[in-house]
Each structure stands twice: as structure tokens, then as C-alpha cells.
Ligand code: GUN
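We begin with a single chain expressed as C-alpha cells, specifically the form predicted on its own.
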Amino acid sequence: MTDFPADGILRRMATILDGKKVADSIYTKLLFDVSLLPSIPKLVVVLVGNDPASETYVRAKTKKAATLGLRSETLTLPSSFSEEDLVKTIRGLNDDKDVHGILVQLPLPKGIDRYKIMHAISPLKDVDGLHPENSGRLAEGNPRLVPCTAAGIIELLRFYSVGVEGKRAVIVGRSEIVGRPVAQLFLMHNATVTICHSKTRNLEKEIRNAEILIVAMGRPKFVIGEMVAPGTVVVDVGIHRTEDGLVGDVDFDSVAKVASAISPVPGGVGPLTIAMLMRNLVQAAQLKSLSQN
């Protein structure tokens, strides 16, 4: 596709990395996988407190599970619920043979150690992929249940035939949910990986060196077109509510003029995060089925 700007110079427009299209292809495969299971996978989402954003995210996850014919249940607990009681609740779900996947919605109320809670979830039911056993398996190159957003980024690139091997992949953000697991996945696919963060010197120079750029830093429209080398593939993980609507960590309009491909916000990584959650749930059910045979 081409674009004819006012200066008369012919420019190629970036390919739009449509996450919804990729997610739909994943759901088609999941429907077949579910048909082979002895029972319908069940997800339990634990929601502590009444954070409006968390409630919205939970509704989106359970709604998607329902459209796929998967079972889901939301366990809503008061913000006064103690850490000790929450751990006991999770252990009860671990022991429940009818439950295949457990997801504790973040953030948790003050006074509850989220790491202690994540570690309490059985690694075989950890559909968020955040248990240290699952993190360790990913680090050694033998992944089982992988953090959803990170896995979704890889699927997005695979769908659009973006080659990773040998490429310079720069990841802006080092969280255990996105930055670190994405780095591990890129290494598994033989990319040369640089992780940047708030303390990185000459951040713009590092961004400019990227052939594949993953931006998950939590700052709206931070990356602009002049920071990005022509032909870079850009995946925007950020999402922010502003007066102009939903925007990402990347200034889409300016970066799309120089990138070879770019994910939009919304409609890029977001749909894939939920798709990968559903895939992890089905995978957890498959693991259980195999262990019983």
C-alpha cells in the first residue's frame, strides 16, 4: 500500500499488525482442541476488591470464555479479605479437580503481597504464567504456561511472517509480565535482544538500533517517529485513556510513517492477551488430561 503526501514523495505505509485477526485464528484452533478434551476447561478468576478497571478486564475475560464454550467463574472477594485467607482460597482451588485454570486479577489491595499470592497458585493451573516454576521453565528454554501478553506478541509476529532469527530486538520495559518473558521468547527464536528501562542511558539511541521494537514502558506516546529507524517493526504494548481516546506508548501517526509494520492501540496486542489466556487455559486442561492417562 502506498501514500502520496503533500510533498509529492511516494512513501510505503506500514503494515497494520491486526491483533483481532490473529486472535480469531487462535480461537478457531482452540475450538478444535477443546473438542478433543474429556471435559470442558474451567477458569476461576479471583477478584479482590472493587477496582472498576479490574472489573472491566474480568468481564472481558469471562465473556470471551463463554463465547468459546469454556466454563468460567468469578470469585469476588471484599477488599478487606486477608492475605492469609486469600492463600487458603487459592489452595482450595488448587485442590479442586474441576478447576483447570486460576487467575488472580491484579492489582491487589494494599497489604497483600502479590508475589506470595502468585506463588500460591499451582504452576499447572497458573494461566497467567507468573509462577516461578513457569518463569524458570521459560528461562531454561522449556516453556509450559507463558505470560499471556508476551506469548501474544510472538504470535502476532509469527502471523505476519515477521522473521525474528538474527534480528536486533529492543524491548523497552522490563516487567515480569511483558519485558522479561518477551526477551526470553526472542532469545529462544535466536534474536539478539536488548532490554531497556528507566535507567538506560541513551535510550533513543537504543531504540534507533532496533529492527524489532517492543514498547511496554507505561508512558503515552513516548516513542515518536524520529526515534525509529526506517523499516522497523513496532509492537506497542501500552494503553492509556486520554482526552484523545485510547493511545499507546507509541505515537502511532508519526511512527507509522517510518515503520514497516506497527500494531495499533486499541486492536493490537490487547486482543491477543485474552486469546493467550484462553490458550493457556486449554493447555492446562490438556496437561491434566495427559497426567490422568
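Residue numbers run from 1 along the displayed sequence. Note that the structure is predicted; figures quoted are calculated from it, not measured.
The following text describes the form predicted in complex with guanine (GUN), which does not appear among the structures shown.
- Partner proximity in the predicted complex, defined as non-hydrogen atoms within 4.5 angstroms of guanine (GUN), places exactly one of 69 to 77, 181 to 189, 101 to 109, 135 to 143 at the interface: 101 to 109.
- The shortest heavy atom separation between A120 and guanine (GUN) in the predicted complex exceeds 4.5 Å.
- In the predicted complex, I177 approaches guanine (GUN) with a heavy atom inside 4.5 Å.
- Residue D128 is the only member of 128 to 165 with a non-hydrogen atom no more than 4.5 angstroms from guanine (GUN) in the predicted complex.
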